[in-house]
Structures are given as structure tokens and as C-alpha cells.
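Okay, here we've got a single chain as C-alpha cells, the form predicted on its own, with questions on binding and movement later.
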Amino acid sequence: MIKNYQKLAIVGEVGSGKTQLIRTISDISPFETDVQSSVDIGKEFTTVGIDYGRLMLDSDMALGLYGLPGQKRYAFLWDMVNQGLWGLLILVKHGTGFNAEMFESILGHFRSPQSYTPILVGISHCEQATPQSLDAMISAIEHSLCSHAIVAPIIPIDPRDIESSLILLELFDSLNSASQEATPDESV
């Protein structure tokens, strides 16, 4: 029986690996809202709603995996999962240039000054990246994070690889533990 349910929002641009990440780590057959793309986006299908998967972290704790499109027009979907998040994973696709406007929009929507929700940025599609191009992307991401006074780990990931994907969860677990230790006890 599930006694503790947590939510991980996975947001990012088209083709960044949100659906694939959920497929890789979900214990259940994921619910996907992919449709055939009517324009050339570099892939045949695209997500038009929420992808959902679930991962049992132990016998009574489950993690809901919510894959959300990164475009601002889907902000109503963001609102549906924004309460009580265990973590926010923003996926950025290497090789297409950093979309600072989309990134800033996501940060502004999900992160309030009172929020202690851990944020992690994963850079996907970086297997062929040069150290210089990866460093440039990381610098651009850091600049955007700093403009929102956010400190967040930025790591290259492969959403197709189970080990790479599970490292994200371990990192979120560490960030949540650190956040709980740093958050003042409101019952005092």
C-alpha cells in the first residue's frame, strides 16, 4: 500500500527527452500524450499534454513522474502539478542552442521565493558535445539560474540510460534531505 506519494515535474523543450526518461525509469507502462507532429521538429511525435509514469522508491513510497511540455502555452498543465513537488527537473537539449526565454519562463512559473522545491537541470543529447560547447551551455544556464537567485546542479544525462536517469533521483533525494535540514521547523 502506498502511504507516501511524491511528484517530480519534468519540463523541457521539444525533443529534450522527457517522455524517454519516463519510459526508462517508470515501474508502470507510462501514460503518454504523444501525437504525430504536423511540423518538422526533428522527430515524428511530440507530447501535447502530460506524460505520466510512476516509480516505487520503497514498499510504501511512490514517485509520480509528470512529463510536461516546456512552451508557455502549456502553463495550465504546469499549474496542475506545481503544488507539493518533490522536485523540478528541467531538461535542456544540447545542440539546438539554449532557449533562455523558455528556461526563464519555466523558472519564473515553478519557483516562488518561498519554495524549497529542489531544481535540477539535465542536459540531454550531449554525447557528441565538445567540452567547449557543453561549457558554453552550462554558462548560459548558470546565468539564467543566477538571475532568479537559484542554485541548482547542472548535469549531462542520457534519458535512455537507466543508470544516468537514476542518478537524477539520487541527486534529488540528496537535495531534498539538505532542504529539510535547512528549512526552519514551522511548528516551533
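None of the values given here were measured: they were computed from a predicted structure. One rule holds for the numbers: they count along the sequence shown, beginning at 1.
One more form of this protein, predicted in complex with a small molecule, exists but is not displayed; see below.
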Can residue 148 be called a contact residue for the small molecule in the model of the complex at 4.5 Å between heavy atoms?
-> no
May I ask you to check whether residue 127 falls inside a 4.5 Å heavy atom distance of the small molecule in the model of the complex?
-> yes
Is residue 14 close to the small molecule in the model of the complex, meaning a heavy atom pair under 4.5 Å apart or at it?
-> yes
With the partner left out of view, is residue 159 within 4.5 angstroms of the small molecule in the model of the complex by any non-hydrogen atom?
-> yes
